[in-house]
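Let's start with one chain on its own, the form predicted on its own, as structure tokens.
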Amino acid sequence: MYYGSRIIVALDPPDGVNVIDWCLNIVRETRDLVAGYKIGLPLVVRLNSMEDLSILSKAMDGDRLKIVDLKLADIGNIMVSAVKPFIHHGFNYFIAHSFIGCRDGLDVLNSFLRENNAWLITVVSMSHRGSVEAMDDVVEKLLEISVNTGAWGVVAPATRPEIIRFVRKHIGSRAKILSPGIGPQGARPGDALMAGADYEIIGRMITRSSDPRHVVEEINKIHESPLREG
């Protein structure tokens, strides 16, 4: 793994492709340069079988962050049932909504994950404009729930660096910050890191490029420059 990278590649396949081949091509081109990968429902529902998850996980190789983003939001035992197949196939980080609360919800999921050497990431704000209509008004409460649950990380948007700064101020070093919204949603590579994030989740800017490896190399350079200056 390229240990200096703060990039998590979001593998959201476009229409009209063989999903597993598309993913494997990007992973093989970039896996030595990135911190990890994120998959979600747009990918999972188009797989031929769950065994494709094992193929993809093995291709990612090493100690990558292998994130499953189902935006889980249910009672604890239902979320545990949802993540079990992905753990079986080698994935180790899982995203859930923090608004469901800790007791009988996130606490059950987090306990199960830790027992299986996997880790919880909670959503406290999102990168689209609608997040300001509800979630952003209660970020502090959502952070409290996340910290009390023992989440490894939280999701906060690169599109609103002020939210990242607020999150970092309130959680300190107790959790990692992962930030989506780079590229088509408006944020630039490096914006989230400069505001206090640990990782930037980047999808289409990389995956829709004709040369994903080159794009990752250039983003790594951008990331390294402000970090050195800071």
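Keep in mind that this is a model prediction, so the values were computed, not measured. Note that residue numbering begins at 1 and tracks the sequence as displayed.
Omitted from view is the form predicted together with xanthosine-5'-monophosphate, to which the following refers.
Listed stretches are 182-190, 27-35, 51-59, 165-173; the contact stretch with xanthosine-5'-monophosphate in the predicted bound form is 182-190, by a heavy atom cutoff of 4.5 Å. With a 4.5 Å cutoff on heavy atoms, residue 126 counts as touching xanthosine-5'-monophosphate in the predicted bound form. In the predicted bound form, residue 84 stays away from xanthosine-5'-monophosphate, with no heavy atom inside 4.5 Å.
The shortest heavy atom separation between residue 203 and xanthosine-5'-monophosphate in the predicted bound form is within 4.5 Å. The shortest heavy atom separation between residue 103 and xanthosine-5'-monophosphate in the predicted bound form exceeds 4.5 Å. Looking at xanthosine-5'-monophosphate in the predicted bound form, residues 12, 69 and 155 each place a heavy atom within 4.5 Å of it.
Checking 145, 95, 79, 113 for any heavy atom within 4.5 Å of xanthosine-5'-monophosphate in the predicted bound form turns up a single hit: 95.
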